[in-house]
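Same chain, two forms, each on its own as structure tokens: structure 1, then structure 2.
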Structure 1
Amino acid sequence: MSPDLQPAALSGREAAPPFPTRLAATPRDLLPPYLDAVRQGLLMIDGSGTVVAANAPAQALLAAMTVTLRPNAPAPPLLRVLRAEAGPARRALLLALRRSLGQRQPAVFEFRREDHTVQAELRPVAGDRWVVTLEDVSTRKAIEARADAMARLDPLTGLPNRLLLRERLAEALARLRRNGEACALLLVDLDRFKPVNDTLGHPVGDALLEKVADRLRSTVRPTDTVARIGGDEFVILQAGIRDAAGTQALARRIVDLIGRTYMVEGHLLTIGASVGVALAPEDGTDADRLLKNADLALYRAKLDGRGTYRFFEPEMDARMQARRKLELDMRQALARREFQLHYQPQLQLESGRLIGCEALIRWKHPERGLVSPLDFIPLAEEIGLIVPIGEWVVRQACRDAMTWPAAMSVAVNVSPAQFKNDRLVETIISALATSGLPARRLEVEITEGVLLQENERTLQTLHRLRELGVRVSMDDFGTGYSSLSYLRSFPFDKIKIDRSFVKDLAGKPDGEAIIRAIAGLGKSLGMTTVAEGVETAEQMQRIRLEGCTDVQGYLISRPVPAEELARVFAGYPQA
């Protein structure tokens, strides 16, 4: 092999040519003519470093790169191409060539010249010869580069997606470690976007998201990154911040700007934004922790009423860990039979008799003790456990009611999530059939939240229950802005007056007027009215005078386990 091809020469002098220094007088003589028709360029080099053969594509490719293969050329043409590489690319290429030449092992590498990217494969063949395969991969590389760029962009908004956000966040954190440059992460979740998407369709929803993206772009600096990481979730990476004041101002601008009205395809739309903020290095110095802490802050913003922003605080993590532990425990509670029902009796004022009981769920946790429904029902609704828990409540309440006097009914609360489930009516039919309880002794209590969703479908479900003989009551009447309108859409059997009005009897002069109005409304519509939260004889007397038919509260009885109901029943006249 020519000294110019020796590995030592490559390691000692970068200028030493790793390719031949001269060409044979007829460089195509050793290649069959049909190789001119192949797509790749082919060169053959002998042990002295001479290009002894080159097919037509090789000569055309090198010519396009302003390199000409001429017999006895004074400078190695491929070395001139190699010299066009600079810095790390050149060093890496020289290293690959040296290793290949020294060990007579194949090597594949790339080099660039003008507008061309060439992939070369150096392969030893019989004797001391080498074959170099050349291929112009410029088009393929351009396509790959475009595909790589598109893989990092959200196709709808053109914003960076989760992948590109991760890369830029990694760069920001590297600057933080290198020179202490702080940054902030703001998670933005759109409020009330889903109803827009569901009612007006995805094209309108997509157009709205594009407008939101434009508004977010307008709030940030050129050095910041706005990314879309989910359906209606956006992230802003604020780089090079000096203190939290600038981030706070940005969060405030986002809430204000996103909350302004949009005109989308002829529709005036109003949504909102909740923002969670995490700062680096205070809230973390790695991407996963920052994202997690910003998400915790966002969760807090939603709990605080949405349409606001919250910065991460360490206790948020502790609360979330406790919530996750509660969730895990609750998922096991059904299987472990830790839930139980307590019952609060309802009294008919005219007869003085107990007419039924409301079933109230309790959780007897082995370590926490008795867990209040206020602590676990909202979580059960959020994670979807309310449906299986609700099914258990209906079945157990029907079984328990079968042990009571025949004139007494049982009332169970049904959540909006249960009404969304197609199995609700079938579950009630099954519970009645299995327990033997007559349908007229079962009462389903719903709140305004049930009627707010999918109104037509909800009304169909309510009518199906009425057709079975099940009675339906509206719970917490008077607390919603449209309670009266719902009385026109469905003929309820009972109205339950919210305990807040009973509590106001003594302190507010309009308390009696409100109860009188609801009682009169119920009477005119043929519905019974139950006042909840009655705790004193004075309250009960006033409620009686205002025309309510039934009462429920501590004055009658606290909620008690099923096994204690017989004692409560014994204290009142029986039907």
Structure 2
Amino acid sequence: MSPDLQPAALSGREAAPPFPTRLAATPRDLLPPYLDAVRQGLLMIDGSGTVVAANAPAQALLAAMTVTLRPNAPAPPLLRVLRAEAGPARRALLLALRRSLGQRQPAVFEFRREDHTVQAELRPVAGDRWVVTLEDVSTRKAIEARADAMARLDPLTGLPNRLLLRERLAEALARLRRNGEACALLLVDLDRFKPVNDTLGHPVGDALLEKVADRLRSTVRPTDTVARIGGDEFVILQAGIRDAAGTQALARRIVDLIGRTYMVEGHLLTIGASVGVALAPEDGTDADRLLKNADLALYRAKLDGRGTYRFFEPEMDARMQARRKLELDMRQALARREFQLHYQPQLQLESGRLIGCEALIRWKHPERGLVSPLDFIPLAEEIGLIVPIGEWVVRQACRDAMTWPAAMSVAVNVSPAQFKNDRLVETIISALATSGLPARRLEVEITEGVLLQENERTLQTLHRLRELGVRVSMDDFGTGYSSLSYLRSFPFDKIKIDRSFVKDLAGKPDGEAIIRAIAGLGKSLGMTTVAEGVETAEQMQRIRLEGCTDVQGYLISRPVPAEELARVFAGYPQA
């Protein structure tokens, strides 16, 4: 064992005797000349570290690195090159090399000189000798480095991707720890991007995303990072911030900038941005926490109507946990039979008779008591649980309606998410069949949210329902953006005028005019019109005068459990 390989050397004696120590006098003798034709550099060294032989490429490689490979050269090629290396990697390399030589184990290592990277592979061979192969891997390294860089960029926009964002965030957080440099994370989610992509096609969607990327890039400082981490999700890492004011200004700028119109392939497009902001160190000092908190803030921004920004607040976390608890509870509620249907009757004004009831779901939560659908239906829609819940509603409603007078129909509310599911029509057919309820006694209430999505398929489903004999109502009419145009797209049986217009009746002439107009529209289209939320006799009187055909509301009855319906029915003449 050479002194160089002693434990003392391992503990860091830098001036250890070099290895290999010299080149034999006639090195070429031992290597056949044809080995000069090999691409790799080949060296043969003996146990003392003396270079016994070297082929031409080895000499060329080491020569290129200004290491002369002369017989009896005072300085060893490999170690000298290694010693010339800078940085902490060198020590590790040296140690590995010595250990491997000491144990006569094969070793592979790399060293860099100027812009060359050389890979050396040492293998023990017979007679206490070593074969060393040398290879210039600079080109391969460069390709790898480029691939590495590419793997950190989003191919569409050229922006850093999630991987690079993570690295930059780690660097920023390291600076925070080192010298207290604060930073901010802004999560940007595009609003209404999906409909653009779905209706105008991916090329337009892609072009739009590129423009969004340009706008984002244009509004940050060079030290900030703009990354794209998902389809329509971007992140901005704002480095070295002094206070939240600059971050707030940036968030506001983003919302404004993204919300301006775009011209893409001849289409004038408008989308929006919701932004969630988390600050380091206030909202967290590790990457996961910051991303999570920015996400919570983003969620809040979306709940608050989108097109806005929100800074993280600790209570958001608490609210999210409550939501998660609700989600867990809801997943078990069906099996535990915690859902109930309440029914609210509808009165036909002309005959003074009850013509049907709307089924309204209630959740009898073991701890919270009765939970309003407004508090759990949106979550059920979001997590897809609305499909099994909705199926239960239809089946239960059909079963209950079978116990009512034969002229009474039952209306169920069907969410947009249920229309996305192919099973809806089958479910309804099966619910009718198992209950024995004639299809004409079942009514489906949809809101314009249903028609907003995948119009073709939705309309097909609606037509199939109509062919079965099921009636279709437009719920909450007048609250959407283009209720009128939806009336043209499908021959609804019934229009349900939203409660807000009925509330506006009190002394407001425009409320009256709107109800009159809708009633007239319904009449000429052959649809019945129901006013929702009628609470007073005066409202009912007005509504009658304006030409609505039916009313529903507390004045007739609040929604009641199925068992109490008979009592409500008894107060009205039967058909």
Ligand code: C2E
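No experiment lies behind these values; they were computed from the predicted model shown. One-based numbering along structure 1's sequence throughout. By rigid core we mean the largest C-alpha set that fits within 1.5 Å across both forms.
- Only structure 1 matches the form predicted alone.
- Once the rigid core is overlaid between the two structures, residue 351 counts among the residues whose Cα shifts by 2 Å or more.
- For residue 535, the displacement of the CA atom between the two structures, after superposition on the rigid core, amounts to 2.8 Å.
- On rigid-core superposition between the two structures, the C-alpha of residue 545 is found to move 4.1 angstrom.
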